[in-house]
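One chain is shown next in structure tokens, namely the form predicted alone.
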């Protein structure tokens, strides 16, 4: 049974200071503290027979309550067994846990540069592997799935045709409608054919097709590869001496390289047909004058420029999707995260590449064609 006594400036505790005695001991000590009028109080533990973690917590709580009353508590005459328990269980004198240290601006900047360098190096490795296995795969079919090129061509190209056709028709239709409203004021309605022909061939056809394919097929590439990484299918391929880039990515590279220019060509044609609908119904220009004007303004250079862009866009979409897919971390949440990131990144790089190629192809040409 625990005994608590207050004699002058000394609070003595005797008996077993264990969990069963803690409630009564705390009540007795609290009563003694209320009656104590001094500023310093010694706690004598020489009579404590046993003490456990609950008893140590009691002493910590008493110290806190005494501090609230501006009483300085000093624990004295601690037996050896009690000293060991206090050392193990007492929270007094230990530092409060602090939050993570906030990095400085230059630390964050340096870390960002290092991460960007590592990411760029990984992307270059992926490009090198893809280029090597794509060239090798043309002469050596070992390690490639039979019929996968046709399957991927259908998934990437054929299945994307309806949405590409619809968007291209609407783009050509709206561009012609907005342009015709201004050109007819100057008696230059026939130049709608020039504007739409050049715009669709050089810019709108390739870039709108790339954006649609990026959101549709680029995300599918990223999610498929990311799922394979999460489910350890890539590790299984490696254990069978099959390189994941050659087995998974190379057929997609072949398919998107072939189908992207075809989709771009169809996008240009359908966009021009959408503009022709406006020229017939709104401007009263028949199909023959429309195509005659279009023939005079379009050159082979314009067509080749659009096709060259489609090849570059195709490789960007496939490589960016694969890069994010192979870098997935975590489970299903990570798959969704890299899929979204791949779409955003591929659209960004497509637009950036279009801007750079626009400078390369058109710089110094002036306005004459």
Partner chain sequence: MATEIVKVTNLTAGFTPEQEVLKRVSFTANEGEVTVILGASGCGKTTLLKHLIRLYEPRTGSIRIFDQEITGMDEPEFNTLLRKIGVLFQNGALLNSVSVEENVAIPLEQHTKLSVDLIKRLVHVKLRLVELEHALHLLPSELSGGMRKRAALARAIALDPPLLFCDEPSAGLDPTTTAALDYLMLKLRDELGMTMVIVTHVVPSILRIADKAIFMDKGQVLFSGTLEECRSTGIEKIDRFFAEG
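Residue numbers count along the first chain shown, from 1. From a predicted model like this one, the values you see are computed outputs, not experimental measurements.
There is another form of this protein, the form predicted in complex with the partner chain, and it is not shown here; the text below is about that form.
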Practice task
Verify the contact flag for residue 236: yes if a non-hydrogen atom of it lies within 4.5 Å of a non-hydrogen atom of the partner chain in the predicted bound form, no if not.
Solution key: yes
Exercise for the section: Answer for residue 247 alone: is it within 4.5 Å of the partner chain in the predicted bound form, judged on heavy atom distances? Expected result: yes
Handout entry: the partner chain contact in the predicted bound form: residue 292, any heavy atom under 4.5 Å
Key = no
Exercise for the section: May I ask you to state whether residue 146 is within 4.5 Å of the partner chain in the predicted bound form, using heavy atom distances? Expected result: yes
Problem - Stretch from 214-222, 162-170, 137-145, 71-79 whose residues place a heavy atom within 4.5 Å of the partner chain in the predicted bound form - result: 137-145
Fill in the blank from the handout: Checking 240, 88, 113, 121 against the partner chain in the predicted bound form, the residue with a non-hydrogen atom inside 4.5 angstroms turns out to be 240
Completion exercise
In this chain shown alone, the residue from 84, 232, 103, 203 with a heavy atom within 4.5 Å of the partner chain in the predicted bound form is 232
